[in-house]
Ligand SMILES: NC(=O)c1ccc[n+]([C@@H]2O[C@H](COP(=O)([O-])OP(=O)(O)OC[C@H]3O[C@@H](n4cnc5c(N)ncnc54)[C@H](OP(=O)(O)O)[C@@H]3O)[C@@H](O)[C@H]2O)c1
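Presented below, as structure tokens, is a lone chain in the form predicted alone.
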């Protein structure tokens, strides 16, 4: 059931969000959270079956969702997804660049193709989708962009050089685009998650010693669950954050302050 509109600054009634990497994990949790806040969604990921499950969850929360299967490394996917949003909903208000790819390998063993693949997903993807949304945000003089980085964009991890570099790039991209678009009424910000229980982090959870070492560095003493990112996402997508520009919010249980 759709909630009645209120003056709550955290409500997103009738807003339209485009979310990449929306098939599972954090992307699915974000789509559901935005639906509960009143937003419809355009869902992008490679696997249609996963997107269909997310769409069902959004609809269960009382909002509409359409799926736009595709790989963010394909230059045609972003404009097609934005066109689908305009065709179905007549507008687009929120962009969440969540699609990501992790790669762990010693730098001596990392070839140029591995390096480029990580940058294509984690850094070129946000560029392509921001570029595709820009004209619509500027025309309506409003918009919210949330780029998903990682705590690994803040500090280095051995044998994760390509991923750390890409996520640091996402933070820089966020700050620069925020300055460029703020005069147009568009707020660009970034969330840097720590360890969350998602498919991308499966390797950490499967290695008990490594997992214990990671958790030992989290003051809260535990990993995050996908739904625990929901409040931060809703806040950054809402008018409550209109004066928040170019910020990187770490949602990591305190890992970056320990």
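Just so it is clear, the model here is predicted, and its values are computed rather than measured. Numbering follows the first chain given and starts at 1.
There is also a form predicted together with this ligand; it is not shown, and the following applies to it.
> Just to confirm, residue 222 within 4.5 Å of this ligand in the predicted bound form by heavy atoms?
No, residue 222 stays farther than 4.5 Å from this ligand in the predicted bound form.
> Looking at the partner-bound form in the predicted bound form, is residue 199 within 4.5 Å of this ligand by any heavy atom?
Looking in the predicted bound form, residue contacts with this ligand include residue 199, since a heavy atom lies within 4.5 Å.
> Does this ligand come within 4.5 Å of any heavy atom of residue 47 in the predicted bound form?
Within the cut-off, so yes.
> In the predicted bound form, does residue 132 have a heavy atom within 4.5 Å of this ligand?
No, residue 132 stays farther than 4.5 Å from this ligand in the predicted bound form.
> Using a 4.5 Å heavy atom cut-off, which of 107 to 115, 162 to 170, 78 to 86, 178 to 186 contacts this ligand in the predicted bound form?
This holds for exactly one stretch, 162 to 170.
> With the partner left out here, if you bring back this ligand in the predicted bound form, are 16, 35 and 62 all within 4.5 Å of it by some heavy atom?
Looking in the predicted bound form, the three residues 16, 35 and 62 all stay beyond 4.5 Å of this ligand (heavy atoms).
> If you look in the predicted bound form, which residues in 12 to 37 sit within 4.5 Å of this ligand (heavy atoms)?
Heavy-atom contacts within 4.5 Å come from 21, 22, 23, 24, 25, 26, 27.
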